[in-house]
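Okay, here we've got a single chain as structure tokens, the form predicted on its own, with questions on binding and movement later.
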């Protein structure tokens, strides 16, 4: 009698496909270590960790205040715009618009606005607020959708939509809106820091200066300030105080803005494709050369790094989340582990990549590990919170058996959901590590800006955005196939 065969669960098939794609990408990726003496640089970094070098207090406080002001004002503005957009998110045009603006990383928005506005505070504010508005619109719309109930309306049938929203929906969703807005503030502070790498006077400006000069004591001091700023959010950040904080930030960052119409027209002209500006240039040779030398290699490298980093993110989070979970370890161990994970997820991935780049050289390895560690720390935190909500039997097994048979099977679906949410984020972050010299799309975008080939930069940014939109759609379909349509209320940025 033949044994009956059963199909593999969809979650297992999905996991195997992720792993297979990463192994295939691993074959073609350059993950070599090209430095001969990485330990020498490591010891220099370690010496800097134990001897922070602080800036003069006026300069330090100015960088800290600007980092905080950019993050607060951009998040407040994008939350407001995102809220207005989410009310119409069911319309295809609005949904496509939001997907397009959030698919472009804030660093690329910053490079575009610096061309137009210089180092004016508005450049940094718009660079963060535009993609965040698209993110807020999507998340707010999903929160509203998840809160829908079948209960009959308590308002008269003739009530307008505004009354129905604020009297019926708002009381159910305002806590989730507040929670996500404050969570997005943490992301905004990281984004504000990263914008310092392109010249804005935030903590990131001094971080990059410290790295370039080999002054790791300065790097350590700036990172300590960033960790303190993010770790203290729960103390000083209150949703009801956001309007006040935004007003103070706007007053602090205020500076006259004079936009030269001639410069704007010149930039628009330079952003149009070269064949439109020069009739002697033919379309196909121009695009074909650009595709073979920049678009295809940049997109391929971005995809290779993304898929490997995605699977390593999953591996890292599955290994590390028990350290944060009350199902496995006592409070002292969890507290120390939590501190470590806060540091890892608070450190922008571009900074981690910079550190690994100095140690191992300009291969894909620094980008892969930086993305895996940063995103793995975020996913690990979310998995631990999810596992803490489980109720186990009093006689539940201990140790590895509890992990394999009691906890992991019950949270694995949520783990895949978290991983799908990180997929698009990892691809966005993969593109920007190119400004460090790793040949992703970001490398060619940064090179195009440096040589003032704005038409090439805009085209490459569009390619990067299209890749992110496609990955987001694939992730959405994957969640639907796994019956994981409902999002977790705490999203990872």
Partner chain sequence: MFKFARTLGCIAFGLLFTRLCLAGTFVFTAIPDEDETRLKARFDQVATYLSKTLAVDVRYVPVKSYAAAVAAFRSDQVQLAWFGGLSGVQARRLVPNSQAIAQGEEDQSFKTYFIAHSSTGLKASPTLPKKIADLSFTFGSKGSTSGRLMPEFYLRKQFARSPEVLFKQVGFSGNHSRTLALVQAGAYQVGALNYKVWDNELKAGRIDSSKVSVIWETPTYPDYQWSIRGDVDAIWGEGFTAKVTEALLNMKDPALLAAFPRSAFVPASNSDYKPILNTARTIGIID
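If you superpose the two forms and keep the largest set of C-alpha atoms that fall within 1.5 Å, you have the rigid core. Positions refer to the first chain, counted from 1. Source: prediction; values computed, not measured.
The protein also exists as the form predicted together with the partner chain; that form is not presented, and the subsequent description refers to it.
- Shown alone here, residue 255 lies within 4.5 Å of the partner chain in the predicted bound form, counting heavy atoms only.
- Shown alone here, residue 424 lies farther than 4.5 Å from the partner chain in the predicted bound form, counting heavy atoms only.
- Mapping the unseen interface onto this chain, residue 452 counts among the residues with a heavy atom inside 4.5 Å of the partner chain in the predicted bound form.
- When the partner chain is considered in the predicted bound form, residue 52 lies well away from it, no heavy atom lying within 4.5 Å.
- Listed residues 118, 297, 413, 217 were compared with the partner chain in the predicted bound form; 118 is the one with a heavy atom within 4.5 Å.
- None of 229, 358, 369, 318 but one reaches within 4.5 angstroms of the partner chain in the predicted bound form through a heavy atom, and that residue is 358.
- Shown alone, this chain has one stretch from 340-348, 173-181, 71-79, 358-366 that lies within 4.5 Å of the partner chain in the predicted bound form by heavy atoms: 358-366.
- Along 187-201, these residues reach a heavy atom to within 4.5 Å of the partner chain in the predicted bound form: 196, 197, 198, 199.
- Once the rigid core is overlaid between this form and the one not shown, residue 53 does not reach a Cα shift of 2 Å, moving by less than that.
- The two forms, fitted on the rigid core, differ between this form and the one not shown by less than 2 Å at the CA of residue 451.
- Shown in the overlay between this form and the one not shown, fitted on the rigid core, is a CA shift at residue 462 smaller than 2 Å.
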